[in-house]
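Next comes just one chain, in structure tokens: the form predicted alone.
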């Protein structure tokens, strides 16, 4: 039987992150969107919450016994409620650290995980998406070719968070064409490795404060220790499931923010002597928004629950990600509609949330639980 009752520890984490998102992240979101940058002091504050180090075992300098996808989804939703761009920036180190934690060799864990137990934010990232209209994570154009005991990477990546500042990148590449998930490997690549070229910062419609770049890989030679998991490789389908759960959870957070703002606005905005929330058309829109959010969260938590049980969650995470990408966009658009003409101007944040949700359907691999 599925049980979505959060533990006392999970409820405490949720309340802590929710309060931080409301009091610290939300007030900074509009200025970050206008300036196109995330305040470094805010990122340091988020880092101090231990949202990355809390999943790293004590023997590697962390404070965790076990990692939970449900807890990760709860955290992602609350941070997304504050601001998705700031959330992805703050959680970007997970894209590198968590796959190493879950699928790395003992030597890789010992070498890399201690970096993320520092008191200061440590930028790291992963490169999955490619500049192709028919991008498919199971059919990557970036290739890994064996070369003696090591390999050579060639290909192009796009929408790589923090690529310019990250010390290390986890690069996904196809090592066996046509093999689907089983043919994809991940490689631990230093940003300054020969053949790695970081492009200019991308100009995106939404998530504007999040610094993303294209990355070109030209004959990047790596030794055998760079392959995540060693000869055993990785379980790419699980990593994709975790990434899709995280992205969907962020979408739920954005949608919830848009709904609550529209609801409160409708209660205060008066037309013909009464709050517009009392008008049936507006009330029905708000009700539909609330239903969408609850349905989305249930899909996200079901997928996360399966991950925590060690079960295959590929279908559930895919459904959650696709559903949330569409429903969060509808909720944000409805929020703009509820505000009427005010929804189109920067005085209110709903237009920003609409832009941010627009990209959910196209993104993969920019977050993980």
Partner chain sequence: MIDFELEPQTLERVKLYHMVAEQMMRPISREYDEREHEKPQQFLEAMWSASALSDAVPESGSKSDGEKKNSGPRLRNLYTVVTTEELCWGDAGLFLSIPNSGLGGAAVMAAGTPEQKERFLKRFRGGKPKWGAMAITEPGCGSDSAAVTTTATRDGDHWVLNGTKIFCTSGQMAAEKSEGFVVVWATVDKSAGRAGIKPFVVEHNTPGMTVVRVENKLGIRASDTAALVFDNCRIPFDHILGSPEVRPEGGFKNVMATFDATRPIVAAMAIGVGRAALDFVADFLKQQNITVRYGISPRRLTAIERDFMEMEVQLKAARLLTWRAAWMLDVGKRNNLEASMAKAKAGLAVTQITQKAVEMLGPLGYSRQYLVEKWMRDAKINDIFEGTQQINMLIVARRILGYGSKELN
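Worth saying up front: this structure is predicted, and the values here are computed from it rather than measured. Residue numbers count along the first chain shown, from 1.
What comes next is about the form predicted in complex with its partner chain, which is not displayed.
- Contact between residue 277 and its partner chain in the model of the complex is found at the 4.5 Å heavy atom cutoff.
- Proximity of residue 133 to its partner chain in the model of the complex falls within the 4.5 Å heavy atom cutoff.
- Looking at residue 138, you'd find a heavy atom of it within 4.5 angstroms of its partner chain in the model of the complex.
- In the model of the complex, its partner chain sits within 4.5 Å of a heavy atom of residue 292.
- The putative spot formed by 81, 187 and 307 is not touched by its partner chain in the model of the complex; no residue has a non-hydrogen atom within 4.5 angstroms of it.
- Stretch 255 to 263 is the answer when you ask which of 255 to 263, 214 to 222, 106 to 114, 168 to 176 has residues with heavy atoms within 4.5 Å of its partner chain in the model of the complex.
- With the partner removed from view, the residue among 235, 288, 202, 102 that has a non-hydrogen atom within 4.5 Å of its partner chain in the model of the complex turns out to be 288.
- The partner is absent here; in the model of the complex, the one residue of 70, 38, 52, 338 having a heavy atom within 4.5 Å of its partner chain is 70.
- Taking its partner chain as positioned in the model of the complex, the residues of 289 to 318 that bring a heavy atom within 4.5 Å of it are, in sequence order, 290, 291, 292, 294, 295, 298, 299, 301, 302, 305, 309, 314, 315, 316, 318.
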